[in-house]
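Just the one chain here, laid out as structure tokens, in the form predicted on its own.
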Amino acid sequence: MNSRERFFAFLEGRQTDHLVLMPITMMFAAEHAGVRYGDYARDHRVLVKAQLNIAEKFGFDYVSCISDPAREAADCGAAIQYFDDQPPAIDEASALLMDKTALARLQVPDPLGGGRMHDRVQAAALFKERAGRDKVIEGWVEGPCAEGADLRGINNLMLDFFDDPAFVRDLFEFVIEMELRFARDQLDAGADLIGVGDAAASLVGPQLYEEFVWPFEKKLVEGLHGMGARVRLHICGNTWPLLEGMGRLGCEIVDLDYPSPMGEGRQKMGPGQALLGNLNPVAILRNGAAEQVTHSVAECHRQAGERFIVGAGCEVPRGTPPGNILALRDYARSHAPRLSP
């Protein structure tokens, strides 16, 4: 059973030979490929080579186009800071929508227009060419709250929820239109799975999440499903108050970051939701011993039950000992889901 067969069998509730292994690796992948992260984030050929290297070395079941959250904002015209060996960063002091009236003039960029979105589409196509028969290919888009914050500025957006809710909804409508177009081109290029990163959503409480964020996340997930995509939701940070709503989105996979207890996620989302995570990526995965990693992932597995995918709570940090990632791999390979009769 190769990685693709294992992944799709798991999603469909069929027996697999062992657990699926899907940790997020970006800076860790660049480090092990011996490339600068600035090159990894800006050149799809560098990213693809590094991802294939890390998947082969550590037995991952997938490869991912993810590198940073600034691609869509860059193509919209936002000010982006680039670094030689760090991820690109959005210049919030010069946020593209500092003036809210600019939203009415903002056009959805063409994901095939030669910008940073196009580079990600090219990564999906190159993955398809080089690993499409064996590995699952993950594309990536930003969620409504995260991309809204990228365009408006995180602090401004948090105030807008109270001061101008109509603007927030207009902004999120723009984001969903853009992300569905971006996802479509990644799927056409070869992606099997679309990750949705909505990190800023963890900064709002359950009331704002249900009123503003959840309806647009749901619209995005339904649009992705309408294209035939499988969906992986990743919200960094403490999502404990949002777990029930996250489970109602209908994503194939929900990542849980380490502040959100895996057992609570299972209780809130029900037995059928595939959960991924949620080892502390710094205290356990980077700074701990391999034995701690094994113990921690076993506890995650116990709390999550059989609808469980092995991974960390968030990105595997640069500087993580290879032996700790091998401990994740060995745990995944030595455990198979037990299907109910």
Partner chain sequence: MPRYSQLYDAILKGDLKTAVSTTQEALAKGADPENLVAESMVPAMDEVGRRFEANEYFVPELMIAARAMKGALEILRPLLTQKGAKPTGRIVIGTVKGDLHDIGKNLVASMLEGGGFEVIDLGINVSPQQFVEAVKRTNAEMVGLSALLTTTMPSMRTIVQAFKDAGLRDRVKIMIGGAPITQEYANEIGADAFGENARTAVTLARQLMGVC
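Residue numbers count along the first chain shown, from 1. Please read all numbers here as calculations on a predicted model, not as lab measurements.
The same protein also exists as the form predicted together with its partner chain; that form is not shown, yet it is the one meant from here on.
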{"property": "Interface membership of Glu92, its partner chain in the predicted bound form, 4.5 Å heavy atom rule", "result": "yes"}
{"property": "Distance check, Gln267 to its partner chain in the predicted bound form, heavy atom within 4.5 Å", "result": "no"}
{"property": "Asp163, heavy atom within 4.5 angstroms of its partner chain in the predicted bound form", "result": "yes"}
{"property": "Partner proximity in the predicted bound form: Val282 to its partner chain, non-hydrogen atom cutoff 4.5 Å", "result": "yes"}
{"property": "Option touching its partner chain, based on a heavy atom within 4.5 Å in the predicted bound form, out of Lys49, Arg286, His32, Arg36", "result": "Arg286"}
{"property": "One residue of Ile176, Leu203, Val221, Ala125 in contact with its partner chain, assessed in the predicted bound form (non-hydrogen atom, 4.5 angstroms)", "result": "Leu203"}
{"property": "Output flag, Ile154, Leu208 and Pro241 jointly within 4.5 Å of its partner chain in the predicted bound form, heavy atom basis", "result": "yes"}
{"property": "Interface stretch in the predicted bound form with its partner chain - options 84-92, 117-125, 68-76, 104-112, non-hydrogen atom within 4.5 Å", "result": "84-92"}
